[in-house]
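Consider the single chain below, provided in structure tokens and representing the form predicted on its own.
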């Protein structure tokens, strides 16, 4: 079942290239729906009491180099796999309804991208993980570059073209990916005795790597993950890419690919480089805090709705990184929940931005207004998404942030206090976006009309997921808790024995 789910999107994309043009989108959509059904089946069959890898596949691939075709899911990756299937299902159906230019190539790229992303979450071999991680970039190079649109830049910048924006994105991410590849090879060679070792399970605990080796390899991986998220100071590719990207493809890019970076910290860096994790904990916390504050401030100063969403993602990924490097189970549990929350919120937000742009002629929020006049359903759906984005009490986003802040408060009080300020800023930029679009006086060149039933079904289904998570966030927390404790266990074993109070490194239960 796991392998079928992994390769089905690619197979559907290839099949879509062979059928008649009018059927192309629906073949790809059927593949996305099948992938979603298999992801749900794997979740139903998942044993939440087990911390280990389930539905494992482990076969020789390149035995002379110690590389294995090793796949599986644990409590951390299971909901990220499901998030991937949900996000791609929504974006693929949306694209099938609207039928982009050159649809056969478009849906093939979407299928390759989904398979690569699923592979990154499923890989249990370090080189296999790097392979899928790098493969994710290729289809989005074509999706952004070929189906993107030119966008006016800031004063003095001129027009931003899809090709230049995409090349900037590739340069940033490729540098990080090459560093991670070098780090993975170094880790496998140093850990192996004659034959390299790339099994994540065998590398767990850091016993095979000296502390000095962990230090520099840690930063090779950190660079790749921080660029992918993106984090403060390495986010330079994000504004231009978000301006020009086609919104349906941008929805899955923003919702899922950024989470691969955060997942990599929790699934790869913490258990394999525990000594370096402890040494550089505060550095990563500072980067996370800078991302939160910078992303939040930039989000409420933007007039482009795309960039409001983009900078809000920088802030949210900062929160997630803060939870991971609190090195406490409650913080890491909150980080996993927040990965799912942000992904399931950003997809309907991006799709709603498509509708807003159609009614106003662009994404400039200063030119919007009055769109709720004849569109109560659209306004209601947008309101639910906005409340989730600002982490309204009662939403799953609020629970995720509570868990993160609870973990950070017990570990680093000052960091938690400063991060709390960003929650108030998030409320401002989220409400500003909603009010500018839905209320105020309607301009003469703005059209207020209701969302169509097909688009409404897609956005409504995603909003239903947001509401369901708000009622029962435990569906994620209960299944991730054991796996989170196992990842943090390697760090706790590396904590200095002489430390007077090392209880904060020991896995502890979630707060009631």
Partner chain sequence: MEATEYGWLILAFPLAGSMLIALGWKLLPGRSAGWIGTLAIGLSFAASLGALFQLLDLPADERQLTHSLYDYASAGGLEIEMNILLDPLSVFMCLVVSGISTLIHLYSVSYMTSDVGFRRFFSYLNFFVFSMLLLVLAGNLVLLIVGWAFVGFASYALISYWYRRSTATEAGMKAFVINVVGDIGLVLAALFLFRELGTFDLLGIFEAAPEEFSTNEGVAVAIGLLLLVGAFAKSAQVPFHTWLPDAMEGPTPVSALIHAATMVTAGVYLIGRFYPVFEIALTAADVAAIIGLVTLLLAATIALVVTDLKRIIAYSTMSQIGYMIMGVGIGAYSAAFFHLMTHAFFKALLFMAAGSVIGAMANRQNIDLMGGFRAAMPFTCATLLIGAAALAAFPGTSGFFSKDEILAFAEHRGGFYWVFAIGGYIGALMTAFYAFRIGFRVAFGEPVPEARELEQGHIHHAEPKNPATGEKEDTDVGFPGSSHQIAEREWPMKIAMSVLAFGAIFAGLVQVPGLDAVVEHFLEGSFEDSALYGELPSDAAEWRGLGIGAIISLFGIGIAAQLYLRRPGTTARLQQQLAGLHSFLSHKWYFDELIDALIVRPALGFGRWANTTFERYVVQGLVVGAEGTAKGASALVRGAQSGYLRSYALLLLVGFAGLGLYFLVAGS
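All of these numbers come straight from a predicted model, not from anything done at the bench. Residue numbers count along the first chain shown, from 1.
Separately, the form predicted together with its partner chain exists; it is not shown, and the next lines address it.
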Inset, instruction - Work out which of 190, 392, 286, 97 lies within 4.5 Å of its partner chain in the predicted complex, going by heavy atoms. - result: 392
Legend entry - Position in contact with its partner chain when the complex is considered in the predicted complex, options 103, 246, 239, 72, heavy atoms within 4.5 Å: 239
Inset, instruction - Spell out, yes or no, whether the shortest heavy atom distance between residue 183 and its partner chain in the predicted complex is within 4.5 Å. - result: no
Inset, instruction - Indicate whether its partner chain has at least one heavy atom within 4.5 Å of a heavy atom of residue 265 in the predicted complex. - result: no
Legend entry - Partner contact for residue 215 in the predicted complex: its partner chain, 4.5 angstroms, heavy atom: no
Inset, instruction - Classify residue 225 as contacting or not contacting its partner chain in the predicted complex by the rule of any non-hydrogen atom within 4.5 angstroms, answering yes or no. - result: no
Legend entry - Candidate stretches 139 to 147, 192 to 200, 85 to 93, 343 to 351, one within 4.5 Å of its partner chain in the predicted complex by heavy atom: 139 to 147
Inset, instruction - Decide if the three candidate residues 305, 323 and 449 all line its partner chain in the predicted complex, where lining means a heavy atom within 4.5 Å. - result: no
Legend entry - Interface residues of 212 to 244 toward its partner chain, as seen in the predicted complex [heavy atoms, 4.5 Å]: 232, 233, 235, 236, 239
